[in-house]
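Take a look at this one chain, the form predicted alone, written out in structure tokens.
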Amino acid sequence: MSRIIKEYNHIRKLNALPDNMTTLHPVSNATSDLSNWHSIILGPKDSPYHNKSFLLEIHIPTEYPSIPPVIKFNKNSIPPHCNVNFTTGEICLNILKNENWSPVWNLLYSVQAIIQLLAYPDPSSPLNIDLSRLLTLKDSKAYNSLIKYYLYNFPKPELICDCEI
């Protein structure tokens, strides 16, 4: 747990979080419980998620940093994406798997990797087969249009919002 305390103190001392990350903080105000965190991320500029925000739920296992944090999108904030389960919010990202995780990485790096995944989806590791198929067929116009269609026609207003950046 000392590692997560160091990360917590580092994040508190930062003047600003990295681009496209508005918050990263423990859910509890008590420093005795640093096992659950929230992060609000913004969709990358040149992606169909631009000007949208998403809430990530982060669980820090007791074995952290030997094993990765468990990160998923909040159920009211799940973006349509080929590497995201649209029902559960699960994220398929290699660095968040035990076999690919490195203890050198931290929460900031993990959240930044998810932001990158929004901009650069990986159709070879899909959780959404339909969106993945569009990318496999190299039809990025249809992929982006379908994502925009879902974001604008089926918004979840409490946690996905239009943001002025």
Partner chain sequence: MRKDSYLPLFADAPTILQAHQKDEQVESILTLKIREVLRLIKGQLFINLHPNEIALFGKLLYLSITTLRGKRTLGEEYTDLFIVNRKGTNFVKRYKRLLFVLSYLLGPYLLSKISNALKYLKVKWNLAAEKRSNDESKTPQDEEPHVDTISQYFDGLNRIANLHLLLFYFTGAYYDLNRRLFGLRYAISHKLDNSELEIRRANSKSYRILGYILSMQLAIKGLPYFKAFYKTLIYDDNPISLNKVTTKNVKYNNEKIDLKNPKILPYIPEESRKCILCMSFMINPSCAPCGHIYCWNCLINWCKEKEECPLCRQKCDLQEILPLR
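Positions refer to the first chain, counted from 1. Quick caveat: nothing in here was measured; it's all calculated off a predicted structure.
Missing here is the form predicted in complex with its partner chain; even so, the following discussion is about that form.
| query | Out of the stretches listed (52-60, 131-139, 104-112, 39-47), which one is close to its partner chain in the predicted complex, meaning heavy atoms within 4.5 Å? | reply | In the other structure, the partner sits against 104-112.
| said: If we define contact as a non-hydrogen atom of the residue within 4.5 angstroms of the partner, is Ile67 a contact of its partner chain in the predicted complex? | reply: Answer yes; at least one heavy atom of Ile67 falls within 4.5 Å of its partner chain in the predicted complex.
| query | Quick one: is Asn100 in contact with its partner chain in the predicted complex, heavy atoms, 4.5 Å cut-off? | reply | Yes, Asn100 lies within 4.5 Å of its partner chain in the predicted complex.
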